[in-house]
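As structure tokens, one chain now follows by itself in the form predicted on its own.
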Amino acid sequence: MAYLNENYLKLQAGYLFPEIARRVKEFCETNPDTAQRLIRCGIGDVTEPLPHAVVEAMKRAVDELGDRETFRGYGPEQGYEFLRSTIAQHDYRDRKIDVADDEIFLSDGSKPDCGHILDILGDQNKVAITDPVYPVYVDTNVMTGHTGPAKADGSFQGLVYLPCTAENNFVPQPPKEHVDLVYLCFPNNPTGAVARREQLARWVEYAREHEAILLFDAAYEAYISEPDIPHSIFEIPGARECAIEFRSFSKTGGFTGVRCGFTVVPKTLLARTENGRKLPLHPLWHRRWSTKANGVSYPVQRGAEAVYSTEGREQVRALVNHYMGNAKILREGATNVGLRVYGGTNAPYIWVKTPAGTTSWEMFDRMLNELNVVVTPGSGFGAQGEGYFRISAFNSRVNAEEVARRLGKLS
């Protein structure tokens, strides 16, 4: 009989969102009449249609594939040059950030890449995780065998947890101890916090001093409204020597169901071998993609390219403004009933303190049963998330206004 990967058995509680789905399904089966009133503000899935420019570009690309003269088969595993160059120019070089076209690697989203990146990093690395945190960072390290068993509070032995609390505005300081890999996400999921330039500069300084690597998830950078907040870790001098950046079209172009994102791996980023040699990671990531994947489909890449057109940029901005308008409504709705609220200014998530004596899952059940609103319990993001819940602004305006109205019923 074949052996299984026993690291998966450490994931005792299951992934957060399937557990939410299970509870919601049970509620709907028990309350069929009420189920149709349900409003989902849990998972961060977009609700509005794809930008028109994206749809038209994808239609043209499909038509090309239907003609022998313009048909394309396998594309470059790392992405077509037309999209890589467009990304490098618009997202980086236009902002005075030094990123080359071939340092961009296209994928089916930043979530998969946050796990795939471990393919080229050694098992000896000491890993630091912010807490609360997007569960994928933790779970992929567990699956790969980089942790010990789970503790009673749901954390895992072997990981270094960096507390993100109201006292530090949910932006952690670098640890006093040495770590090799650090996961950072700004604007942050789940708290909606942002890191200012001086805070990111301290992380770059730490990484360079400790020869560590920052794994920087910038999936929500388009939601930044304050001009002094960095959109990329590479805005910080020295970051090209110590950082990898993950980006996504999911929350900007509405690609959650289309699937496209990218990772930036600078050629100047080095890691060490067991015998002390320092080698670049860029060729290893290139080889990983060449071996394990055939890239993102041609129509999807043409759709992603259209995001950067004049029309596409206007339509994406309208989408972002729509969701941030929802965030403002939801923030005000929660604040008006006396709840303590964070986030929702430079990010599409509202991070809410539960009433005194109420746990995160108790608040989830209360919101579900009393208000028929699905939220995300903060404890699902880590021990420091206990006592909070997340409301997603990804919804229709009508639903956002209705949720704000229902929040008024909370005593």
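Quick caveat: nothing in here was measured; it's all calculated off a predicted structure. Throughout, we count residues from 1 along the sequence that is shown.
This protein has a second form, the form predicted together with a small molecule, left out of what is shown; the following refers to that one.
Only one listed stretch (351 to 359, 36 to 44, 58 to 66, 364 to 372) carries heavy atoms within 4.5 Å of the small molecule in the predicted complex, and that stretch is 36 to 44.
By the 4.5 Å heavy atom rule, the three marked residues Arg84, Arg247 and Trp289 all fail to count as contacting the small molecule in the predicted complex.
Although the partner is absent here, Asn189 lies within 4.5 Å of the small molecule in the predicted complex, judged by heavy atoms. A residue is said to contact a partner when one of its heavy atoms sits within 4.5 Å of a partner heavy atom; Tyr134 meets this definition for the small molecule in the predicted complex. Taking the partner from the other structure, the small molecule in the predicted complex has a heavy atom within 4.5 Å of a heavy atom of Tyr220.
In the predicted complex, His146 stays away from the small molecule, with no heavy atom inside 4.5 Å. Checked against the small molecule in the predicted complex, the residues His322, Lys111, Arg302, His231 give one hit for a heavy atom within 4.5 Å, which is Lys111.
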